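Next up, structure tokens for two forms of one chain, structure 1 and then structure 2.
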Structure 1
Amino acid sequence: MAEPESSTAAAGAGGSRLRNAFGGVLCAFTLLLIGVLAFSIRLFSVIKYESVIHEFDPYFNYRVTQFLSKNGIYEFWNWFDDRTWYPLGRVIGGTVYPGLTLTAGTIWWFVNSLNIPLSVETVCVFTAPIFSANASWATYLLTKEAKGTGAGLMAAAILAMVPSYISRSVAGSYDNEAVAIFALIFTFYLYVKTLNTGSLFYATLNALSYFYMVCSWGGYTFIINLIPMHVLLCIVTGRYSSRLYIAYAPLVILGTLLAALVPVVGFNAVMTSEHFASFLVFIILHVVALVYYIKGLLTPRLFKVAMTLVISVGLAVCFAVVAILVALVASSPTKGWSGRSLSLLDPTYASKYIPIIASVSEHQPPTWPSYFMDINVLAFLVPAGIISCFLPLSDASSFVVLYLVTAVYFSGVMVRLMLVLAPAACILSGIALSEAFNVLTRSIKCQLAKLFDDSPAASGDSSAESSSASTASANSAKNENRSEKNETAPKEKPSKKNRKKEKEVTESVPAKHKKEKKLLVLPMEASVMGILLLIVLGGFYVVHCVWAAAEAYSAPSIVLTSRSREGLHVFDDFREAYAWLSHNTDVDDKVASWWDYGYQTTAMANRTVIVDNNTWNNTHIATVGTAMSSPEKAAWEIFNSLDVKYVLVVFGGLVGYPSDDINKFLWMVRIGGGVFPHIKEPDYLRDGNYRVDAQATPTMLNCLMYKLCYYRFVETDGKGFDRVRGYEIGKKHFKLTHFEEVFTTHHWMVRIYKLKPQKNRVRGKLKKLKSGSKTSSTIAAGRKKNPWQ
């Protein structure tokens, strides 16, 4: 009898190993397909248009990557760019997050070392799709640590297609978020992995991943505040363990030291208020660890005395640290917080005090439809995922829930942070779908088994049943004998009371499991309908994601398209204007425009700009805003003092392009008026309304922005009808005295003007001035007024 038993056990073990191996291969193949899906769904922009860099900020990143690949890493760190922010310039190495640039530069170097001739632009275009696949795999790892392999695969597949992430990671979207979202998710995975295992190896990897996140994006402050919040939550709820200490302490020490090595961060890693929460929780964690250590050494009576002493000392240390931190930040008007952080904590702060931040469309709060556009059906699955995380609640699942709650708040303040919400929504939706499929498929299995058991039994069936029953009894007897043999003889024989308790426990556990299984078993019809509904829901989600990737988020802002009855219209005015600047102006000529177009002008036209998208100097931007808001002569004096030779404006009134400078003009007024008080917003409004028609104010009709946009506009249709604003302009026929039009693109979207040279003095007028009275001389002196006022 021993030989059949051993052969049966070996066959069972071999079957389980084969099943596990097949499951691992299937999981790896599924992850590979998910990676291919994440990469390919982001290629619509290249297929429909061409391989170009999108938006505005990516052009600066592309230009920096070109410099890095051409001149090397040391020249990059010391690069002073004199083509931006004239006449101030900008130190690139100390003011840029280098993670994206170094990543793309490394990929380019590696590919070319393999003799694959790819250009820097091609590598930059495809960096975001590559890292979207990496982000999907990181999501799988994080969700697997929280709820298992099935939930991980679901979450990875959902993240590969979620529109919110696609909007910032299509091919050509070469921005910091392209690699930062992967770094964010991978850092969270390593934190949860360390929390589950207590391994110092994973803790060290976690600090290195955090360092990569710091190099990549300013949103790293979200990590260094979310993880301390979770550690504090675990301490408060009584879930402290040595694993929690190992997961957090190395991250704070090693992560902060590494973050300080990034030039753009430097000592801000220990001097700004965004990082103080991590240090405070670090002290609290050590106090709690000391309490638990003392508790294991002392008797309960001595522990109470030591507890009082430790708490007193700990509170004193905490108060001292808080006092030091308050003293450090008290001198700052913002109490050590950056403007963007304050605008997240107080959504009205930017509109009150920093209009340059409020003027950015990405910093506006989202509308409700944007949630359904960017995460679609996930908004309905997330609540079910939250419930699943509490059944049962673990350290990993509590972290996922806390991540979602904080991400929902921040996404409600700033539409750009919908990107941070997307991974949390995908993880919880994957958990919800996995749990739902588990319940439904288990119900179908149970119902099918019950259906076959209730079928009428024939004679052969009864004999089979009796033989199976005898086999089952024999197997149970064998298992009992095997368990008796395997059990070692205990040193002390348990008492009758203990044996009775053990028996009650062993009897109650199977009964409890049976009761739970009965509760989770649904009728056959309901289970089948539930699976079909989930498949239909997934189908709708896939269709929406593909539509968003192909239509909503694939168009590059530098090349615009529209459809009409006549067919597809392509508007390539931006590149047309930059090409004209590159070929028809001198290399040292300075170009003034609103800051939105600074990066593109520098990268594509290779011309010096006054301001750009970095927005680090509010006064300089306010100067340009003041010039655009001033009358023509005053604006000419301001631009002439800055050595400006050309002025570029974007106008969409002819083709209906809404993101033009006329629609942005009130922000120029607000930013300029914040520094130069003579610019007042009410002067440009009629009864509180912004108008450019016949009801517009004289100040509006005579400002430089109005004249540069609407100069000769009446010649297009004879009426001067603005398609964006929806009415005829107020001032149609006028001439320019200090500026001359040198180029207007095919669709009038970009217009370039040249400053006229200063007029020479006439000798007759000089004689008049010399022979004039004192009053005339004072008038002449008064003409030399300060152009800034």
Structure 2
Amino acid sequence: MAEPESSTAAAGAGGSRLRNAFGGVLCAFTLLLIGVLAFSIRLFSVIKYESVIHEFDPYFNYRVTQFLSKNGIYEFWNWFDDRTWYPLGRVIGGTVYPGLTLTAGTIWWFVNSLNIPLSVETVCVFTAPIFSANASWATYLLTKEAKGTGAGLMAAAILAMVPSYISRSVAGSYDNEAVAIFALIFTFYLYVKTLNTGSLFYATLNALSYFYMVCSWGGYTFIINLIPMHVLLCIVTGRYSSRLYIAYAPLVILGTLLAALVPVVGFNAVMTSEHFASFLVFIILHVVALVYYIKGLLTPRLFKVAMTLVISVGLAVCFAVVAILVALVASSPTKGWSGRSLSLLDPTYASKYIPIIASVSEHQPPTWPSYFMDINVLAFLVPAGIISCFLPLSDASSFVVLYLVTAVYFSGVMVRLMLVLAPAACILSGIALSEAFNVLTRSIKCQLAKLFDDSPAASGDSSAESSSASTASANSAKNENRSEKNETAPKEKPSKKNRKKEKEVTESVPAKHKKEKKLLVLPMEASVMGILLLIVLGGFYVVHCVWAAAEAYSAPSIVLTSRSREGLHVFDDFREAYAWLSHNTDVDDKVASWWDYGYQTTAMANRTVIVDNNTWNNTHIATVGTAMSSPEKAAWEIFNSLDVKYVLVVFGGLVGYPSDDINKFLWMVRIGGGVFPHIKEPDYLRDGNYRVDAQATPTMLNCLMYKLCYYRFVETDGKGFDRVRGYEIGKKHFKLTHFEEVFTTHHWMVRIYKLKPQKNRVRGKLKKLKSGSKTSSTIAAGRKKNPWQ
């Protein structure tokens, strides 16, 4: 009897090992496919347009990476850039988050050392898709820690395609988030892994991954506030354990040190309010750990005595310390928080005090449809995931739920932060879908097993009886459970009379339920329909993601296209203008434009600009804004004082390009007016409406922006019809007195003007002496005559 058992046991063990191995290989293969999917879905822009860097910010990162690859890392750390923010310059080494450029630079160096000749541009364009593949693998690891392998694979597949993440990581979008989201998920994974295993090794890795995150993105403050929140949550809900201490305490110390190493952060790591939460929770954790330790040492009665003593003394000390802290923090005007963080906590802060932050379209709150556009089906799978996380609740699943809740709040404040919500939504949806599939497939398996065993003993009576009959030929404990459950169910229904009997029944049942979990089994048809419907749901999701990737998020914004009857029109005006600048102006010429185009001008045209997208100096931007809002002479004087030679404006009126400078003009007025009070916004509005037609105010019709945009515009169609605004312009025929037009691109989208030099002054007295009668007639007119003409 023993031998066949052991042989079957061995065969069983061998069989299960084989199944495990097969499962492992299948899992690895699926992960590989998910990585390939994540990479390829982001290649639409390369296929539809070309392998080019998109938008504005990536051009700056590209320029920095070029510098790094040419000059090496020491030059990069100490680089002072004098080609931007003229005449202030910018310390690049100290104000840029180096993670992205260092990553791309390392990849480029490594690939070139293997003699694969990839250019810096190619590496920059494809960094984002590579790291999105890494991010899906990190999501798999994180979800596996929270729920299991099936949920992990599901979450990874969903993250590979979620449109919100695609929008910031297409091929060509070479921006911080491309790398930072991977670092975020990986740091969370290592934290959860340390929490689950209690190994100091993973704690070290966690700190190093946090360092990589600090290098990559300003959003690292989310991590250093979320993890303390979770620790606090665990302590408060009574889930304190020594693993929690090992997961958190080394992270705080090492993390603060490593964050202080990055020049951008520097001493802000210990001095700004964004980090105070971590220190506070650090102290609280130590207090709690001490309390638990002493509790273990003392008897309960003595422990109570100790508690009363300590509380009375400790409270007094606590009050004193808290009072000092509050006084320190309250003495600073922003309570220690930086402007951007404050605008996250108080969404109305930016619109009241910092118009530059309020003017960026990415910083506006999202609309409801944008949730559906960006995370689609996940929006209603997430609540199911939250419920699934609570059965059972573990440290890891409570962390994921907390991550989701805070991410939902922040995504509601700024549309740009939907990106932080995306991984959380994917994880929870993965968990939900995986649990659903678990239940449904288990039901199908059970029902099939029952069907095959049941056929001789089938009875048309209640399902309870049929299942109890099947227990005779029981092949799985699940059936027994189900039969018991069905037996108790009819017994529990006539409740009031048989309450005593119920109690006995329920007492005996939980005893068995403790050993084998109460497993839900649904009828066959419902399970099959359920699985089919879930697959259809997944199909809708996939179709939407591919559509969003192909149509909505792959535009490089530096090249525009439009379809018409004649075929595809390509608007390459931006690059045309920058190429003109780089070929037809001197290397040291300064170009003034609105700050949106600064990065592109320095990267592609290689000319010095006055203001760029870094927007660190509000007064400088306000100066340019004031110049654009002033009449020609005043604007000329402002630009001349900044040594500007060329002024660049973007105008969409001829082709209908809506993001041009005339539409952004009110922001120029607001920002300029915030610093120079003689620029008042109501002066440019007629009855509160912003118009540039015949009803516009004279201030509007005379300001530099209007004149530079609409100079000679009436020559295009004879009437001056602006296709973006939808009406004819107000002032049609005018001459420029202080500027001359030097270049207008093919579709009139970018217009470049040169400042006219000052004419040599003619002294009035000399004129009188030399030509008598001539001047008498000219003096009367000459007083009014413009000395610059």
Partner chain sequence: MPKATSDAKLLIQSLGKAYAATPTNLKIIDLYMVFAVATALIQVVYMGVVGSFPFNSFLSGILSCIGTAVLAVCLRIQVNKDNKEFKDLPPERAFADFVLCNLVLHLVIMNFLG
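Note that the structure is predicted; figures quoted are calculated from it, not measured. What we label the rigid core is the largest C-alpha set whose atoms superpose within 1.5 Å from one form to the other. Please note that residue numbering is based on structure 1, beginning with 1 at the start of its sequence.
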Decide which single structure shows the form predicted in complex with its partner chain, answering 1 or 2. 2
So, superposing on the core, is the move of residue 319 at the CA at least 2 angstroms between structure 1 and structure 2? yes
